[in-house]
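Next up: a single chain in structure tokens, the form predicted alone.
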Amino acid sequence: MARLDCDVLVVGSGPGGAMTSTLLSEAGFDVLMVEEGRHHSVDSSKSYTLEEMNQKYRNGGLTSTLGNVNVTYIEGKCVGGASEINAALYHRPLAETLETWRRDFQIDDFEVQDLMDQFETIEGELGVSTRPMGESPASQLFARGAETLGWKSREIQRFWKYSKTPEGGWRSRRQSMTETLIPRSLAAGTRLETGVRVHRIHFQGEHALYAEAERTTEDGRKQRLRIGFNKLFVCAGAVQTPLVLRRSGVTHGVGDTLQMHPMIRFAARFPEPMNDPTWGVPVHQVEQFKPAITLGCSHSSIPHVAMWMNRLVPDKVARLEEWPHLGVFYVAVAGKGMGKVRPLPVFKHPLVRHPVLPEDLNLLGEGLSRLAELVFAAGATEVYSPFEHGETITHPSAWDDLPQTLPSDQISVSTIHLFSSLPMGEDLARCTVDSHGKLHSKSNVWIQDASVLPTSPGVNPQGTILTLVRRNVQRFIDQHTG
């Protein structure tokens, strides 16, 4: 068994781990960050392709919960985590959401104005902006439909950098962790080990002593690894973090409250071309029904459009030949269901069970109805039913004939947002970590990732994760430096 030693071990290199390692290294701590995946550049593969899924997704993106409705979810498995594969949309949560978290979970030092100052810092440091060259045809069409209905909508800011080319055009680049915090962390002295999967943590009483891990080399060879540390930060995400803790015997309240934003998508056809891949993912969303319901445009390559056309669509191949006229749209809701993450004997992957509650299905149904209303208002001629055996809809009134209660055995639900498996706060009945991310039951273990969000933020969570982690780690630095 090989051995590594450090003062601070950071497990995971996504937004939580990248922010943690950066701030700690810049404060002078000896930091070792380990990541199960590999270190790829942001442009090592084309977005939303099979190559990217093999490079950067856990299980190639094919992971599912078990429950009354199985939900397909994705996790990043690469340096930078999900920031390397998501749409990089940036939101601040509503001030009312933050105040509810402070009150209901008894979070200390959680004043809304202080948090807003943290958000401003994140926006400046990581490069948050709208598109200077305007919106894509799909976004313009989506905005037109919302305006026709009198619904509030807007272009969503992104972690994205834009610059002019010598010819007067624009170049753009995603500001993922491998473009921003990871280089900054390495420059400050962080040691990064890739291909390292932490299996469990060994404790002596309340004190964590070392991590037991396995390192996989580039050519596939396996090596057992023991990592000694003084302080441990687990930042592996809302599923993998509780998995590591439970395998280590830390079980009280761990992985019992996993939440998500359930999503349903459908494809629609328009008389004019609106799907221009050179613009990337459309970034317009309807704000009218947030935080409960979010409506938006999705990535709409030919495989994605085909995937969201149900099996009863006639002449599917002929329709796909006109794919510039086709787009994929989504409804996402702030789900109330709480799932569980559990390790399985022998298997390295966890069992994730998650109920999609009747109220969540009702919200999804309401959202689908509003989404269909919007795309028809924007000029759609066909909406392909999101139900497995649903007929193609050619008129807004036809939506009224669809089931009011979604048929759970005929819908495809997915999510890209997972959180709240170890909520933060001082209410010991519901909070696994304290107001700044330290495990209540352990003396030297902190959690700094999506797990600590108390409940659904109702918006894309990456900005919220970065902000809370920045706040929490700064508190740690203040307490552990002279």
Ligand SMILES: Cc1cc2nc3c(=O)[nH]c(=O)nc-3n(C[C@H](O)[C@H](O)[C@H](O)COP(=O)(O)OP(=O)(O)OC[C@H]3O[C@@H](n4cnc5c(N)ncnc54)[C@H](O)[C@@H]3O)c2cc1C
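One-based numbering along the sequence shown. Just so you know, these numbers come straight off a predicted model, no measurement behind them.
Missing here is the form predicted in complex with the ligand; even so, the following discussion is about that form.
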{"query": "Interface segment, criterion being heavy atoms within 4.5 Å of the ligand in the predicted bound form, picked from 179-187, 387-395, 228-236, 202-210", "finding": "228-236"}
{"query": "Any non-hydrogen atom of G76 within 4.5 angstroms of the ligand in the predicted bound form", "finding": "yes"}
{"query": "Contact of V34 with the ligand in the predicted bound form (heavy atom, 4.5 Å)", "finding": "yes"}
{"query": "4.5 angstroms heavy atom contact with the ligand in the predicted bound form for L141", "finding": "no"}
{"query": "Proximity of V445 to the ligand in the predicted bound form, heavy atoms at 4.5 Å", "finding": "no"}
{"query": "Contact test, all of G14, R197 and P461, partner the ligand in the predicted bound form, heavy atom 4.5 Å", "finding": "yes"}
{"query": "Sole residue of M309, V244, V286, V71 within 4.5 Å of the ligand in the predicted bound form, by heavy atom", "finding": "V244"}
{"query": "Position in contact with the ligand when the complex is considered in the predicted bound form, options L406, A88, I293, L126, heavy atoms within 4.5 Å", "finding": "A88"}
